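Starting off, we have a lone chain in the form predicted alone, written out as structure tokens.
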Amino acid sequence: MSGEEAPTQQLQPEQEKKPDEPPPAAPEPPLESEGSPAAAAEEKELPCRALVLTGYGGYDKVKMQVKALSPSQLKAGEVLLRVKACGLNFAELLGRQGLYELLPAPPVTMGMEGCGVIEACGEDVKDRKVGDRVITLARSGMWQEVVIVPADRTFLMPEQMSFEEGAALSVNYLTAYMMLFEMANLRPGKSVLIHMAAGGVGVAVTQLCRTVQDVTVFGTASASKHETISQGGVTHPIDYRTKDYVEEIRKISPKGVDIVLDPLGGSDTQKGFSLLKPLGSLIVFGAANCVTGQKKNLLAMAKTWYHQLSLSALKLMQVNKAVGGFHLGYIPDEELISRTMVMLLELYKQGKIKPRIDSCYHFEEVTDAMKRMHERQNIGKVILLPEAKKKEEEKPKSDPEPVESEEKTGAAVSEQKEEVAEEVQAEKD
């Protein structure tokens, strides 16, 4: 379970093997299309950069590899997508450590969401065409330049939406919307506590709360992020590093809050439950407290598990509170996913929500991207770009230029000295 969960929309098993099971280093051979020569299929091979989890552990376990994908693999009802941007989620940090149960075993291409341009359509694809800009999501396999996905699991992007925004929308906003409206039944006048308020889900929750009248949002984040999240709609930002957020909330709202969204787990779940008003709801959707370093920390996991909230149904009856768990990856209702995505895209068109992009990293920089999220430096979504990072052509030219300018400067100074000397000599004469 993670602070930003994986979506339930996924490739079928036979499709997963293509993006999810690349060889350790060499490009995987494409499957031959039925009724076509292997040579013809090879001519159509597309070189494909992908980020592959080669084993569980630190940042170095995610490596960029080049694979081969053939359009001949395209089946009826599928589209070939040139991916322009991918989203990085906290679940990938867990997956790298072997803590995300829905991610297939290594080697596996990571990535749960992305967007791009359709380059080819299989038979029976009626609602999509080559050139369409679409968003898609899966349990894994999206951190790749080219992917094959079912057409009915793609969503047309609004014209004004950038690829970076498209890659930031699905997982975070689906998670936020379903927790707030499907589970917690957010209504006008209610109050919400969201931890990690500057993260992707935190920003999504805050924006969606603003679509409902008179909702008070308490958000925990480090002090350096308070101004930004306040501008985004957090009513009361709280520095969890220097203050007890339970005490701070009680000072402002002695009765507590109506909804607590908890991506942390452990003792924070207990604190969240204690903050609930009668008839309030606690939604647990992650266990970020388990992640304390690059690699799996068994002590942190044990501590989180030991302090996890434990209740009986009788206790819930006595306190009139509700506790729920949310995991997007375990929602089997694809119609619900699609319907919610359509609503979110409509909210985007209306200007009511807009993904906040924290930073963009090319595939070569995936370590830096993961570090930024792991160290909780981001405010909003961290994006990965499949396109190769362009070499800075100006840098080689920058070395001779200063030398040349220094020579020109030296020459100018010499000329000025000569002119001054001549003027002085003229005055003496």
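Every value quoted in this text rests on a predicted model; they were computed, and no experiment measured them. In case it trips you up, residue 1 is the first one in the sequence shown, and so on.
Keep in mind the form predicted together with a further copy of the same chain is missing from the figure; the text below concerns it.
Among the residues L156, A302, L316, A105, the one placing a heavy atom within 4.5 Å of a further copy of the same chain in the model of the complex is L316.
Exactly one listed residue, out of S222, S267, N320, S338, brings a non-hydrogen atom to within 4.5 Å of a further copy of the same chain in the model of the complex: N320. Heavy atoms within 4.5 Å of a further copy of the same chain in the model of the complex are found in one stretch of 79-87, 209-217, 275-283, 223-231, which is 275-283. Using a 4.5 angstroms limit between non-hydrogen atoms, Q308 touches a further copy of the same chain in the model of the complex. At a distance threshold of 4.5 angstroms between non-hydrogen atoms, V246 is out of contact with a further copy of the same chain in the model of the complex. Proximity of Q160 to a further copy of the same chain in the model of the complex: non-hydrogen atoms within 4.5 Å are absent; the residue sits far from the partner.
a further copy of the same chain in the model of the complex is approached by R187, whose closest heavy atom lies within 4.5 angstroms of it.
Contacts of stretch 157-183 with a further copy of the same chain in the model of the complex, defined by any heavy atom lying within 4.5 Å, are made by M178, F181, E182, M183, listed in sequence order.
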